[in-house]
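In the structure tokens that follow, the same protein chain appears in two forms, which are kept apart as structure 1 and structure 2.
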Structure 1
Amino acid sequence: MAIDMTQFLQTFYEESFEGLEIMEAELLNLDGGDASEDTINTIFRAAHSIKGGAGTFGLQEIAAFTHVMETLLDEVRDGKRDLCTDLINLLLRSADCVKAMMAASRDEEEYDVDEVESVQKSLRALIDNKTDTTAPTTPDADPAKGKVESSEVSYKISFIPLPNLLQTGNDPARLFNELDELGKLTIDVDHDAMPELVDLPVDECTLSWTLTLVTTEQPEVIRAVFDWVSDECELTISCDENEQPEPEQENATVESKEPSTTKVEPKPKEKSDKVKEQGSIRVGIDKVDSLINLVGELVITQSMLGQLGKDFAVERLEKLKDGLSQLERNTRELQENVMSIRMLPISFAFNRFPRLVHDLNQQLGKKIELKMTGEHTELDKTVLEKIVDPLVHLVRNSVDHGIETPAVRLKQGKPEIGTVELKAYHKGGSIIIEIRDDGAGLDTDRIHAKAVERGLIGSDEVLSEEQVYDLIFRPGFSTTEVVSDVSGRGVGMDVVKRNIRALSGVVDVKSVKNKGTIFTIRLPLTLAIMDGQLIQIGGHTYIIPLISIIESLQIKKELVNTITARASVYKLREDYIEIVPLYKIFGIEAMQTEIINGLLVVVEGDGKKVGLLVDDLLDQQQVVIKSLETNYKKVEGISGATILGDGTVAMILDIQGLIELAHRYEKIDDIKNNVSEVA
């Protein structure tokens, strides 16, 4: 009876990666000095589940590797080995190896065999080392704590499985194979309980075994082999030499799943289908329940409206209106609930940073403490996945460039230990993520000099502080003299900015010399739905994201000024803002080409304020964002499209892109005019 195991493989990978994450987090906790039994047990369990799963799915390398890890952890658990920083680092490295092997096996790719081997070697060396050092010092001192490992001991194992052993998917032969690897194994079958052949139930195990194993391993190791079947058998392991029977009815150590979560799995994928960005989400059962409730309400409303529609009379108009408003409420609640399923706490992104900072500290010889607040702030899954890389980059930057070495810090009278703070919180309709360090701050002179050297600006250009900070986001800019693998390849910040912009977010930097730097990232809550202001130009309807609108106003003639007759500015209280004639940029015919008759929508993008000239302001409404790129390609100045109530499509404006487009447009316009003048 062959079961197609591939269908469970995806789940196995997911659970294993989760387990590895837990392992990593707990190992870092250990490093922080919290060496409680719980922590070690959690790590052990994670390793054990992965080992078991890997064995079941025939991933022998992973199983073998985790087995070594497990042995080491077991010793730690039993208090036979102290947890030192070296050991934790080694375990962290091993977790990385398992992760790499796992990823390689999932994507059917190759992993770095050398690294795995070297780590495995170190692990083994550690285990052997322990055996060598302890063996001579405590010979027979404590027989209960395991016989001396270096001498071979003969164990008698009585293995009487319950009849349902085979039904739970376990195979005694596999167990025996595993035992055989531990030492010399002799198997005696006891088939007394076996019925006559004609009565033989094919799916029950009626045999029992007496095994004799001559091995150097401890009884715990042998028992671990039977971990998976401990509920389905009677197991007795006794040591032949001192005849000290150790009856064991092991409790299952397999981690029981949290009952309160359910799993939303993607449809079974084809084997070759490489799932990368999609994956699945774990959703709390309460969220699903509330969805079901809402759908129930929706159905009731629908049937009510349906009945109303069947024999409708004008006097029942009130009822219809009631029904419609109920429908509106239902849809809104349903929408909010569905969106909340996609929301994940930002800790999913933050979790990797303790490890990152830990590693970098060692690599760079710095002392840095990482503080995180607001890990429970929820963010759309898509946004979350895409914000990880930029965040990693910014944190690396803070650690590498921002925080000084302990010696320098002490000289400046700062505390020896630097701080990098990650902070996430809601503000308005956006999520704000701050990366704050108390390091050296941005060196404006050096950035300026570097930009000149790289030819990004002219040597005599005088820039404001903000403009200088902006330079670090330009492509090809990097101030580190030595290219390290931490940062400084000159492909960093511009990519960070581009990625954040792709999520329709903005990144902003503030810095005080010798006090520190703050990077602020502002992101929309979700990418799927947003509040929009509908505007009209000519016969076309466009949507401006409400979040970028500052105000809308009727143009007052006396406040409009022109510069060189082509560009116009508007005096908005104390500021002059540029007027961007949308109809010109989009090449459409507007009703209002005269600035003075139009309406001005003041928007902010990328820190710049401009006024968009529009014909008319229409409704404000929530719009569902549809990508143009699905079937077409990215269009400058447009971030997407949506479908309006009447079924037509409307374009959503990308304010930052629009401002850039406008500036370029003016240049092109200049060239055109020059050409025509010449002609």
Structure 2
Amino acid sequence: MAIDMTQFLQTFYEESFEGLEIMEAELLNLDGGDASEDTINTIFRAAHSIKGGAGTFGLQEIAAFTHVMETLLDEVRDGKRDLCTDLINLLLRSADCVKAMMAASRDEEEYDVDEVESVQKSLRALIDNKTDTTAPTTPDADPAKGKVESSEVSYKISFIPLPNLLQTGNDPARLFNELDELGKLTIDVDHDAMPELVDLPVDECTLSWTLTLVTTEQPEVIRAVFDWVSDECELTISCDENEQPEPEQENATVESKEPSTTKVEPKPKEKSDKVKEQGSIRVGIDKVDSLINLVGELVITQSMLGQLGKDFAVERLEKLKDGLSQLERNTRELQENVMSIRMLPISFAFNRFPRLVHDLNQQLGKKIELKMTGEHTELDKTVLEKIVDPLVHLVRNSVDHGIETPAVRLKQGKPEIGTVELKAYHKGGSIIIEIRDDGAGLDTDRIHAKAVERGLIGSDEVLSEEQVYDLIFRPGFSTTEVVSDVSGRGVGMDVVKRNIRALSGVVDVKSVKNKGTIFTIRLPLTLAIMDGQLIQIGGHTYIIPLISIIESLQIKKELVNTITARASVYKLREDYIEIVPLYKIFGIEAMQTEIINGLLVVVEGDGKKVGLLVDDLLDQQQVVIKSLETNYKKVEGISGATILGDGTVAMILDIQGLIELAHRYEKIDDIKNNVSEVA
């Protein structure tokens, strides 16, 4: 029976990317330090696993590239080569190449062939020009060339697979193809053990082979080809009688170093957009067990309610109430458990920054230590994927603009090594991410002057410190005089704010000159379900995300100040906030049209506070968010919709969008026509 092997490709890609992350992390840990045997073995195993898997799946370019990496790492593992800074950097570039090749294969796209060939050439050059000065001089040494010319050796390989080798997905032909790349290969097959055709098992290997390989490679390179099948075969590698091998190399029987891994061969992959959209999440078995238990509880509850429905009588009303309460409890627990499956630790985003800071250190000539705390803080997979780019922009900004060069820091009395800290933690129903640095801080005078120069503000306009900081998020704004490939083109910070806002989050800035800067991002834990405050305006119910609400209060007449016929503000302690009458914005009739008779819900969005004028506050509850844009069209001031318990549809307010609508209040007629369609 034919098996569609492409179903295993996604798992191979995921495990390979994880292996590359492990390799990169271990290489970065070695930067400037000695390499332990465990660390080297970890890096080697990652390369070896990718090579073996790529060869099995027919990804020959990846297999060939990682084979060269593996050879170099094997020399390090055997103590023949020191793991210096230059080699670490080359291996990091190599990992980048493998990552690019893997992504291109997965997404059916192209990769930078020139970069791959350049790195591969550098790897081979290191292998060919061994720098081991402790090796004894041999007659083949050429002093003029400074290297030892390897002579060809003929190896005889006895390969007797166990019957179950084919059942593990391994194909001897692929092993022979890899051997053929090492030199001149001759293959003799022994089919004496093969039964008659009528008795031939389709899933068992009944052949064995004797192979002769003439190559300049060392025996360990040949043994590595068979590492993936070491548990499913009898294998002997020996030198030809006419050769003069080292004694320990004769009749070297391959021993298992690692547990065997099931490998499969894919069918040709058809071009499809669906391939790019596939994804998966690794879920702990404890979460799966919990879901199974909850489903069992639901089945029991359903059976009980079904029985009550068949023989219902008034005297059984109490049992019905108990059953419904149990159903509500089970449903809530099931919801929480299902949502927890989508929750991933933020380390999936944080793990890329050690490499980023390492590369920028070398590029900018700085010395920066990266500290990360709260890596195990969990948030929704969708939020995690979309927050990566904003975090990259902010970290690059801290490294480039924030941290000074070592000479400048020493002159200012600071430690030579600067610090960038990534911190994540839960607060209420949100996740807080902080990006801190102990650098130069934001120069408010310079930012203000640059904003005036670009015409963003007037020359005599007075701004608060927070308003000045907000200028850095304007499109095209930059104070950098020299444009580089790191920063200075005026793109990035506006994208940061826009992307965070798209996640219903906010970003705040605090800075002290010559002390440092803190960017604080506040995000909802998930985009699928949120905590909301139900409000009433006339006969309509709306929902305000709780994450946006600061407080709710009864309006006091003496604290209301009318500025124009259309604008009023409310004095909230030492601050004045704009009052937004939602019934006017949405073009609907309200029960209370007088400001002094209504309720004020103070909300914050995009760093600004406003007071939403509403008729009444209803319940607080969790709501399932449905995309309005997907099911209808994008509507300003509305971020989505949900279905309430009574079956009615309630709109979820987009606070940032409402603030923008309020600021364009002079175009109220256009706003009414746009929003009233769904109000």
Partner chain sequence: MSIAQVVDKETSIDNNEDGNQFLSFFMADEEYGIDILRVQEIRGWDSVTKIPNTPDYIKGVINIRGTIVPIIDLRLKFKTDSAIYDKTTVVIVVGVKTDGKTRTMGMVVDAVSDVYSITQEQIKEAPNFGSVVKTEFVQGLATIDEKMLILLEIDMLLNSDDLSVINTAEKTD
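We call the rigid core the largest set of C-alpha positions that still match within 1.5 Å between the two forms. On a predicted model such as this, the values are computed, not experimentally measured, just so you know. All residue numbers here refer to structure 1's sequence, counted from 1.
Looking at the condition given, the form predicted alone, one finds it describes the source of structure 2 alone. Once both forms are fitted on their rigid core, the CA atom of residue 554 lies 2 Å or more apart between the two structures. In a rigid-core overlay of the protein, residue 292 has its C-alpha displaced by under 2 Å between the two structures.
Residue 157: CA moves 2 Å or more between the two structures after rigid-core fitting. The two forms, fitted on their core, place the C-alpha of residue 178 2.4 Å apart, compared between the two structures.
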